[in-house]
Structure formats: structure tokens, C-alpha cells
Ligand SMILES: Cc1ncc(COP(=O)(O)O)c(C=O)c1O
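The chain that follows stands alone, in the form predicted alone, written as C-alpha cells.
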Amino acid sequence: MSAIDNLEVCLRSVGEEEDFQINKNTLHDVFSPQLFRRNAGIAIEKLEQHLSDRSIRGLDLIDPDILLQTVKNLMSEQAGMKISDEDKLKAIINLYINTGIQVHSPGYMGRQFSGVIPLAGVFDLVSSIVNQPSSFYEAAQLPSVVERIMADELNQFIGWPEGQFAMVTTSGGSLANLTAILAARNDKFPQFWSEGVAGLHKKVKPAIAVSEDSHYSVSRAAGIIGIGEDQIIRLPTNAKKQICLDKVQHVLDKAEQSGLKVFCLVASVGTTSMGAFDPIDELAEISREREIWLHVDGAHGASLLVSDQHRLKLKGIEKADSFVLDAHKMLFVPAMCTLLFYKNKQKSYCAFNQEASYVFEKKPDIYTEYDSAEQNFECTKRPLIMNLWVCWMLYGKSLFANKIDHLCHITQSVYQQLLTEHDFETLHSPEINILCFRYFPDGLEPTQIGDFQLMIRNRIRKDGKFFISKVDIDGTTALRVVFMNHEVTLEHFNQLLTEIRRIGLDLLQKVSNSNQSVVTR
């Protein structure tokens, strides 16, 4: 049954339960604790049903115009019938759940966001109700202290000297990358913040060096801070899509000879396309020798810090000047929750240099020591750290490490399985929980392989049983799976392969029939 059908069933049931009406014009009623309990009870019941559903399902992709009209119908009285607020709330929650990506289903293998630890979701509700913007200690005392505690907890896997590093929470890896690159720019060009480009010597052209396979947010950040596209140095990658060490020095030399001053090198651990890990240890040495700020985009892969099995993949991370970790990816808490780490605490203040008497105190005290607003783009910021800290405190590191280890293990099992399938080709040996591959059946022309993968992905998404993604590798489309759900087994993946073969052979047959039709005419 589709999400729209579910909504219609819900609306037809109006009147079967006792209505709980409130006076919408009375603020006291709208804000009443009693109404909150009833509404929360409805939401929790629906979410419990959602979490209990272990069926294999993908995405119920609905025509946007149909969904738009459905929502408009919900906002108006259905065919002149009075719909209680409680019934509307149930319908809205059903629609919200059913039209989303089913991150808790074994059919979900498509993206890098995760089904969350339920306790983290519960605490997100607490944060929403108490509403404590956490850039200032006076507004969010516990989150401000907890941010410091979690920084120390995670630093035991990094190894920086106590009290000399900093961690700041931000809303997403893109904003964290932007903030870190800003800090790097202002550290290397202190006059840039006040004077802009005009303050630089006319022969100085600030530049950043990035992997050819870096996330688009890195190039976007460069554009935002005034580094033109021509000043972005692309570092070649090897067959594993890692920055190729043998070519880095030559590319940087060439950039310097052309008048570019590279102030920041951005590496990745767990790239979005293939989950590749750049050689941080070696890149850190190159950056140190050249006095370049090394920033590591670890939005996906830096969480491996908590895994004893996989931490070695981050060798050298302690040498980075800054790095990003998205807890809403591989630490399984609600989005957004991004942690931005700086090796040098003082340099964490380089990104922004402002005065604002209504928030910034000119005379620091024991309270403002815990403010993060001067290190962070956001003024009003959700207490992002609380969902992670509560789970860490109650469950410990082992919960996160065990799930990470399991997801990496199932990815390796799937990879080994694909090596035995004659009609599939793998494009890399996975380093984390991301795997790219192609279906290449007999009768498929090599020139058609990219378009063929895209058609398969689109059919899978439309059919709604599985949800996978796609990516272009060396200019040709490939299928991509990301294992974020510990409920996914090798059997589920084999069912996906069966679905891919069924769809692929059906597409081939249609192409064959079309060609025969052309010959007959």
C-alpha cells in the first residue's frame, strides 16, 4: 500500500475514536502539557510501529504534484467533513514516515545517513522542547560542558596534548569544511579578514589543493571564501581514488611556479564516491615541510577512530591541523551533528574575528570560557552534542565500535560475494562500508554499460523494494551501496542481486525487441 493510500485509509477512519479538541485560539491550550502528552503518545506509537517493521522496502517515490495535492487536501477539510486535530496529526506522521527513505529497513543500502540509535531520537525530542541554543554557556550550560567532555573522550583515540586542542560542533560537514578552510586562510593571510583580496600583494594568489575526488562542499567553500576556481589545485588520484603521493610534490611545485600560494591541502578519509582513505600520515609530512595547513574531510570515515579494528586507516590524523567528523553518519545519531577538531586551540579562533557586544563579552570569565560562538559560524545552534553524549554515556564506546565493525564486515562479505558472480564487476576493494560495482550481463555492449547501470538504479528506485545509489567512476556510471543498517545480511544483498538481474535482463529484452522491430520495418 502506497503512502497516499495509507493516508486515505487514515482519513476514512475519522470518527472511530473520541475526538480530543482544543481551542486553537487559546495559547494556554496549545502549549498545555496535557496536549503535549497526547501528541507525543501518538508520535511514539507510530514510530514504534515503524521501528518494528523489518520488511524489505525501498522508497515510495511519488509524483511531486500528487504529493502536493495530497498535502493541500489534508490542510483543508476533506469533502466538507470535520477532521479532528488528532486525526490530522496521525495522517501527517504516516505521510512523513511513508514518503521518506526507509533507513531502518534491510532494503535500504543507498546513502550515508543512518537509522538512528532510538535513544538519540528520544533525546532529540528533549532538546527540541527545552530549546537551548548552544553557542553560549549561559543559554546551554549542560551542552557546553558536554561538548568539552566529548572532545576529551574522543581525543583518547587521537592523542593531542590535553587542553591544547579544540572541538567545535557545527550543523553538517559542509559548514565544518568551510569553517576550517576559513581558519586556514586567515591563519596564513591574517589581513584577509579585514582587508579582503585588496589587502594581498598583487602577486599573491591564495590557493587550496584538493583531491580530484573531494566532496563538492570543499570546492564550494573555496568559492565562498574568495578562492577562484583557477586557484583550486586538483591532486591526481590512483586506481583506489586516493591522492597519489607520487604526484603531489610535482603538482604543488608547478602551482608555486605559476604564482599560486597553496595555504591549505584538503584530504579525505572515507570519500563519498568510493569510501577511499587518503594517506594522511604522508600528506601531513608534505604539508609540514611546505608550511601548508592540512585539513581532513572525515565526514564519513573519521568515526573509525572509535574502532580498534579499523582505527589504523586514520594513521596520521593527529598530525592534521583540523578534521571533520559527522556523528550523524557513522556514529548513528540524528542529523545534524558534526564535530570539527583543531590541533591548535588558538587557531580555532582564526575563522572569525568580530565584535558584537550583545553576545561577545570583552571581559572573559569562567562562563564565557565555554562559549563556542567565536569559533563557530552559527549563533543560534542546536545542542548537537547531546544526542551523541547521552548514547556514549549510557552505552559506551562499544556500541559504536561494534556497529562500525559489523558494517565494514558485511561490506567485505558482499565484496567477496561479488567476486564470484561472473556477470558483475567490482570497482575497488572497500575500505569502509561503501562498495561500487556494475552489472555486466552477456549481450551488453561496453558502450552501453554506464547508461545501463543508471536505468537499473532508476527501476530499482521506482519498484520500491530496495534503495541503492549510483556514482560516476572514471566517467562511467556504477551502482553504489552503502551499508548503514546492521539488520542487512548477505541474504538481503543476494536478493538485491536477483532484483538487479531481473530488471537488467528485462531491459536487455526490451532493447532487443526494439532493434528487431526496426529491422522488420
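Source: prediction; values computed, not measured. Residue numbers here begin at 1 and follow the sequence given.
Below, we refer to the form predicted together with the ligand, which is not included among the displayed structures.
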Do N94 and the ligand come within 4.5 Å of each other in the predicted complex, heavy atoms counted? no
Heavy atoms within 4.5 Å of the ligand in the predicted complex: does K381 have any? no
Spell out, yes or no, whether the shortest heavy atom distance between S174 and the ligand in the predicted complex is within 4.5 Å. yes
Examine D278 and determine whether its closest non-hydrogen atom to the ligand in the predicted complex is within 4.5 angstroms. no
TL;DR on 142 to 150, 86 to 94, 403 to 411, 215 to 223: the one with heavy atoms within 4.5 Å of the ligand in the predicted complex is 215 to 223
So which of S127, S307, Q231, Q112 gets a non-hydrogen atom within 4.5 Å of the ligand in the predicted complex? Q112
Check each of A180, I243, V266, A299 and return the one that places a heavy atom within 4.5 angstroms of the ligand in the predicted complex. A299
Taking only heavy atoms into account, state which residues of 305 to 332 are within 4.5 Å of the ligand in the predicted complex, ordered by sequence. D326, H328, K329
